[in-house]
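Just one chain is shown here, as structure tokens, and it is the form predicted on its own.
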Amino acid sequence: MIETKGLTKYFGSFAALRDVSIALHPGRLTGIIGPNGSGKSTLIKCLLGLVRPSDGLVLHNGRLPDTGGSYRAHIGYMPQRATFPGDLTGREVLALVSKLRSEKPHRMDSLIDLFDLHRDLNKRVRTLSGGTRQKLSAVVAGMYDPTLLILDEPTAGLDTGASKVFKGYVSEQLKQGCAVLMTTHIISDLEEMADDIVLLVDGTVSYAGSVRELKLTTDRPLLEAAVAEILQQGAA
């Protein structure tokens, strides 16, 4: 399990995160949602170890992560827009990522098959469509079978068929006990996939709990309406 306890991050006098305490559980997908500037990206960077908190803790299975960063070997990250070297082919990108790790990738070939990337891997990245780059990014994120998968707007740019394939892949990862964190503005994706929701507003947690509990608390049958109700309560 991945936890944050009292996580706070200041940039100068600006508090991007304030006292954020959440838990990401194995086999459950947690959706992180909130308005632009609510702290979602900063939270992800703290979980990845790319930003050091001003206060609070990030715990992996109840322990502080090691200072050498080896815990990152268990994290797969799919950014909103993956920036790969444009003159490399997709195959060269995968080879480069593989050379950065001491172990061989566990699932690279099967993911290439899943996302039907064979014909595109010999093309230079700069010539690939946005959706194909997303598929390549999904392979990079999952090729080492992570125990924590962080997805930032993962279905952006994917067509309907590719989106369905991607959601099926995430579902299989959950069944295998992977913890998944996903940010998206497509609430219907979370309605379909999320077990838990964290709502961030101005760097603080307005709600953290199960989707079912959120709907019961707000008496709203749809997630989008339930989230809107929480936001309205906070603004009142």
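No experiment lies behind these values; they were computed from the predicted model shown. Residue positions are given as counts along the sequence shown, with the first one as 1.
Omitted here: the form predicted together with a small molecule. The next part is about that form.
K.L.:
Pick from D120, D145, E92, E153: which residue has any heavy atom within 4.5 angstroms of the small molecule in the model of the complex?
P.N.:
Answer to the contact question: E153.
K.L.:
Just to confirm, with a 4.5 Å cut-off on non-hydrogen atoms, which of G209, G177, G37, G168 contacts the small molecule in the model of the complex?
P.N.:
Residue within 4.5 Å of the partner: G37.
K.L.:
Using a 4.5 Å heavy atom cut-off, which stretch among 169-177, 186-194, 28-36, 53-61 contacts the small molecule in the model of the complex?
P.N.:
Heavy-atom contact with the partner occurs in 28-36.
K.L.:
Thinking of Y77, V125 and T127 as the candidate spot, does the small molecule come within 4.5 Å of a heavy atom on all of them in the model of the complex?
P.N.:
No: none of Y77, V125 and T127 comes within 4.5 Å of the small molecule in the model of the complex.
K.L.:
S41: heavy atom within 4.5 Å of the small molecule in the model of the complex?
P.N.:
Contact with the small molecule, yes.
K.L.:
A16: heavy atom within 4.5 Å of the small molecule in the model of the complex?
P.N.:
Contact check for A16: yes, within 4.5 Å of the small molecule in the model of the complex.
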